[in-house]
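Single chain ahead, written as structure tokens, the form predicted on its own.
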């Protein structure tokens, strides 16, 4: 463990990005692309080393010193980073999906590759910083840093109304960040300190317990607005379908696989672990929001003709399942919610890759204009069927584990003062029917039926595309068959969550 450096894990992509942006680093774009893929592959292996040597009793911790200083000592701000079970899972997922995104970019990103891969590396550092920061102020800095590269990655390499969608993404998430910042400042004001150094379990901030409950609720709501924009939760979700539709496929992989998870991660760290008393009061109402998210977004997904919007709305529906699991406040439900964060990240990454491949070949996303592709693209059809099975929760795939544990926890929830909750939760189970409907519609319309003559010359998967889809599917199958390898890692943080916010 002493040979592993969190600083190296987090900031090495930033160092490479800076080198790319320097004028002296003037080389061919082919080299830039290959170098980035190689680096991200090595970075993923390095991230796996943290998983291999992880000990829940001795968490990884590191500080970044610049000019002999770690943060702003007078304000109690430290550039400190830590990894517990939850962070470890998200960090490994981040490194893996960025590696897959870099590989998939070869056939999609054709111009300004030096800038593209530089922004991609900058984005990786910002996401890793969010998942590892153990200081609230540093967490917020990385949270905001993510907006810059994502805005340019959508607007410069997207299609359709990419600039408008990128601006909508920026405005919505910046709007949410204002509420997040206000909540952090109120927390600092009423606690009379900015010294919020959070342990690897983020559960040692005793000063919060002294706050009046009405202040805790106010701060919790402000923080939730910031996190729910990113999650996203209805009605703060309208930026997501536009951003997904107009972003290039490699960026959609990151948007669905990681950026939405930042909202759920922040909700766990702040609203549940930092303000558990307020969470106990708000949780029953959040369950209602979660169920609305699940059903409404699922119905919207079924009614879409744009194949990318089908997957985008399915993402919103699935993040409702995550919120439902986290609010059940029992070990089954919370475990299911966290596992579903991982499963949704993997499954949606694969589905957006598939949509990107189809659009790259056909130049259309209209489901009514595409049919019969299974005859010319049998490999792609096979992958699509497998990812669709994972999305609807077929056993032996990771999607089943998250959904099963979440709904098991939901039906075991105990909120005696809110007798309406069991009825509301029963409606959520219909997501299984809704998700099956829109996923089967997706597969049937695209790959079956008669094929148009214009599609008869389409080529099947390239080597890069096959590597990405097979790699993601392998992880989905591995954790579906062996879910305890994931559950054992997150179990300590689940126990802390349930104990902290016990009802």
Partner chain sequence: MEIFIQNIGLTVLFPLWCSVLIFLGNFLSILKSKKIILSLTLLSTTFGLITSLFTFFNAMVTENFVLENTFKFLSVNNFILELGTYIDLTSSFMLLIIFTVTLAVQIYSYSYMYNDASFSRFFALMNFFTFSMSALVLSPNLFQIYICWELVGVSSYLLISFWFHKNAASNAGKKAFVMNRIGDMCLLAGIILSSIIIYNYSGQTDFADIPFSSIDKIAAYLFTYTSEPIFIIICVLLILGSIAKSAQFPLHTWLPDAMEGPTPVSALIHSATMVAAGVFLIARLFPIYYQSSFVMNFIVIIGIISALIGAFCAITCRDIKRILAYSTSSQLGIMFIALGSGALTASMLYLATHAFIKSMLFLCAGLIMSLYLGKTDIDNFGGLKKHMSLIAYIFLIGAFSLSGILFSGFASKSLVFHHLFETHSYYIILSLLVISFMTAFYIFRMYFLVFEGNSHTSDNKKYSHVMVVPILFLCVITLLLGFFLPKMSTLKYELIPVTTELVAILLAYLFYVKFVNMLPKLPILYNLSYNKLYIDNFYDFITQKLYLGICKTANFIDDYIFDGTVFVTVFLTKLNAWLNSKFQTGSVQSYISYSFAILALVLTGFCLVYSLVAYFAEV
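Residue numbers count along the first chain shown, from 1. These numbers were taken from a predicted model, which means no experiment stands behind them.
There is also a form predicted in complex with its partner chain; it is not shown, and the following applies to it.
Not displayed here, its partner chain is approached by residue 234 to within 4.5 Å at the level of heavy atoms in the predicted complex.
Residue 108 falls outside the set of residues with a heavy atom inside 4.5 Å of its partner chain in the predicted complex. Heavy atoms of residue 331 reach within 4.5 Å of its partner chain in the predicted complex, making it an interface residue. Contact annotation for residue 375: at least one heavy atom lies within 4.5 Å of its partner chain in the predicted complex. The listed set 433, 369, 281, 213 contains one residue whose heavy atoms approach its partner chain in the predicted complex to within 4.5 Å, identified as 433. The partner is absent here, but in the predicted complex a heavy atom of 444, alone among 28, 34, 459, 444, sits within 4.5 Å of its partner chain. Each of 304, 429 and 481 is positioned with at least one heavy atom within 4.5 Å of its partner chain in the predicted complex. Stretch-level contact analysis of 387 to 395, 86 to 94, 346 to 354, 269 to 277 against its partner chain in the predicted complex, using heavy atoms and a 4.5 Å limit, identifies 387 to 395.
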